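Form predicted on its own, single chain, as structure tokens, below.
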Amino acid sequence: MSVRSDKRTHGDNPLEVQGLETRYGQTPILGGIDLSLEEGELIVMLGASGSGKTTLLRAIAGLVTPDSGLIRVGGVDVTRGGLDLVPVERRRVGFVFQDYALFPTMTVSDNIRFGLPPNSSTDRPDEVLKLVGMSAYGNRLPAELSGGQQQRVALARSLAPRPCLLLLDEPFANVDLSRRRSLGRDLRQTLGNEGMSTLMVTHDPDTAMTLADRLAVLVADTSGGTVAQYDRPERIYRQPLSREIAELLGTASFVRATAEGLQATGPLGSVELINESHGAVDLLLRPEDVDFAPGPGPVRVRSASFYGRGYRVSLETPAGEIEADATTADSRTGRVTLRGPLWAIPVT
């Protein structure tokens, strides 16, 4: 059943999601999602497989009907209480799928023209191709393009109708790792030039932290996926609310310690804390938080991997195994000191 709603509220954000729940059969997928996106923002959703990231995108686009909750796009209620109020084609939502979904027998220009309303400017395909740096490829077929070029065409096609909101599902999944950073910069610039409000899904923490204005971390439990933390990328990286969130953002080691205010003491000595804590805590150690001094000492190097600027070493310490950055991998033993202040996660 589809019921048209024109309920608008002035000053609303491009996207509001409240209490969104979705099940597949008896299996909860989304367990009460709350999310908002401001004008011109690029929000990135990061989460492990099965946390509900793509399901949320599809629900916003109208490809999945939630069981309950509210979705509002550009001030219009498009889904409420388990009913889709606005059909897919009228939501003003652009969607770049993971496989780009380009028509193989159409030229690049025809792919873009296909999704435009009948009264659209005939120059619009050229405008968006110029925007994504693909002006010279309008007469090419998708098979004649690289993965990165196809991604740009898919983006141009989604931008062509001037949507209120753009959804990106793993946009770099089919692009070589060496090209992701440059494509990410180009994507960020393109979206900024269009003033586009964007919600993107990825499982790659580097992509998430590089591109996001704000980062939404999805975590799943028996009730389905929820937004466990929603903040600036640097804040979530340095101050995650749980060990699970810390590990999603990159290499993380944890050392059990006893906190008293802004100081904690553990097997590796005393260290200053970012957050006031009391009792048993897990100190979050990123590799850059650990100083490893090669030479005689109680710490043993279990393994070392070269990554360009130095080595990532796995260390066996009195506090357990931790990872650190080092300038050499010649020594098999040494000592460690911690660079404070550190983030303390209470032990529950």
Partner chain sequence: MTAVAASIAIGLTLLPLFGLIAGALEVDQDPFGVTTGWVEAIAQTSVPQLFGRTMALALVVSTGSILIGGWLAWVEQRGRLTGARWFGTLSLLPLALPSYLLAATLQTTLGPAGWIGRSIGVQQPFDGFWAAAAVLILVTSPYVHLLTGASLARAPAEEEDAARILGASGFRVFRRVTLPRLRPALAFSGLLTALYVISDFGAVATLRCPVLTWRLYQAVDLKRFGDAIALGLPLLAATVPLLLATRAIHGRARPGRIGVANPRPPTLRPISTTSKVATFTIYFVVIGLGVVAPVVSLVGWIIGGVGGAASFVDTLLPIWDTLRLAFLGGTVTLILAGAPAWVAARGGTKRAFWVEQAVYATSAFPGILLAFGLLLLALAGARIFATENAREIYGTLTASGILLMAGYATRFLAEAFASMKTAFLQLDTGQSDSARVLGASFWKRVRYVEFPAVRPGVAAAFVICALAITKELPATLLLSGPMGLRPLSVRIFDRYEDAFLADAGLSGALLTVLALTIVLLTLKWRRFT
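Keep in mind it's a predicted model, so treat the numbers as computed, not measured. Numbering follows the first chain given and starts at 1.
The same protein has a further form, the form predicted together with its partner chain, not shown here; the description that follows concerns it.
Within this chain, R286 is remote from the site of its partner chain in the predicted bound form, having no heavy atom within 4.5 Å. Using a 4.5 angstroms limit between non-hydrogen atoms, T105 touches its partner chain in the predicted bound form. In the predicted bound form, its partner chain stays beyond 4.5 Å of every heavy atom belonging to G138. The closest heavy atom approach of F114 to its partner chain in the predicted bound form falls within 4.5 Å. A single residue from the set T207, Q150, S197, T190 has any heavy atom within 4.5 angstroms of its partner chain in the predicted bound form; that residue is Q150. For the residues L63, A304, L70, A280, the 4.5 Å heavy atom test against its partner chain in the predicted bound form is passed only by L63. The partner is not drawn, yet in the predicted bound form one stretch among 91-99, 220-228, 130-138, 181-189 has residues with heavy atoms inside 4.5 Å of its partner chain: 91-99.
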